[in-house]
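First comes one chain, alone, set out as structure tokens in the form predicted alone.
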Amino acid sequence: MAENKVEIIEKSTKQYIVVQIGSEKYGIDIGYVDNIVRMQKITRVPKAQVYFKGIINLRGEIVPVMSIRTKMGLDDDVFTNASRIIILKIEDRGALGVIVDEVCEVVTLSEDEIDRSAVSANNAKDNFINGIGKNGDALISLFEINAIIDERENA
């Protein structure tokens, strides 16, 4: 009986990896995250979209890497010791790396801690956000992963 209760609680919460991009904190649904790796040499690919930074060799697997900053129309990436590439595994698409300034923490948010109405479609950045998570006093913009990885230029 108690086992069922635990299962119900798990279904109403979701874990997010909180990352820093510029001065903002964003959440990435942990269900999409396969790996987090340190910055490494990214090999450019000719004639790719501007936000597509190139490819990396991750333990023998070639993984495309993109800049969320560039895709959202923010300043160019500035790589530091805290910079990371988050490897996302997307059904039907394989692996994709996204560059973030820093990985901060993992938070668990319940549905009532996520405000979906606060998101407007007024600027390009908001197309990539599907809600605002409230974690204590901190607000975390939650990424809509499918909008970020979409091949189209959204700008």
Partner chain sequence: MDVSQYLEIFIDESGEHLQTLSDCIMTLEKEPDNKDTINEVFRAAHSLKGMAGTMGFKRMQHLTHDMENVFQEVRSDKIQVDSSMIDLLFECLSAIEGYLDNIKATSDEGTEDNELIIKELNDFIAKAKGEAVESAPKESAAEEKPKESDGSFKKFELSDTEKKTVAGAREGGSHIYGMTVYVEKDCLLKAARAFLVFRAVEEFGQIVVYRPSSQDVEDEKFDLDFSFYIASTEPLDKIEAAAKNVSEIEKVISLEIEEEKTEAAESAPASTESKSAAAASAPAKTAAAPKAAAPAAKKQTAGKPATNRTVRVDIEKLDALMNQVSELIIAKNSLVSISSTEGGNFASQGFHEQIEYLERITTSLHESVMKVRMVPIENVVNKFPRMIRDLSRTLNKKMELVMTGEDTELDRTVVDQIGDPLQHLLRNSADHGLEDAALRAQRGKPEVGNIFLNAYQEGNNVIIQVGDDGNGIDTEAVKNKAVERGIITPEQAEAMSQKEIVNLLFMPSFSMAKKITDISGRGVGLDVVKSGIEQLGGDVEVKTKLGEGTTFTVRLPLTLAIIQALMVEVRDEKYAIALGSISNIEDIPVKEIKYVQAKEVIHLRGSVIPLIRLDQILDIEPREEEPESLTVVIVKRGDSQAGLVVDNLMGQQEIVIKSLGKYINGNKLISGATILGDGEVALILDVNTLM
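Remember, it's a predicted structure, so these values are computed and weren't measured experimentally. Numbering follows the first chain given and starts at 1.
Below, we refer to the form predicted together with its partner chain, which is not included among the displayed structures.
This chain is displayed alone, yet in the model of the complex one of 129, 99, 96, 107 has a heavy atom within 4.5 Å of its partner chain; that residue is 96. Of the residues given (86, 56, 28, 68), 56 alone sits with a heavy atom within 4.5 Å of its partner chain in the model of the complex. Interface residue remark: residue 44 is counted as part of the site for its partner chain in the model of the complex, having a heavy atom within 4.5 Å. Interface membership of residue 61, defined by any non-hydrogen atom within 4.5 Å of its partner chain in the model of the complex, is confirmed.
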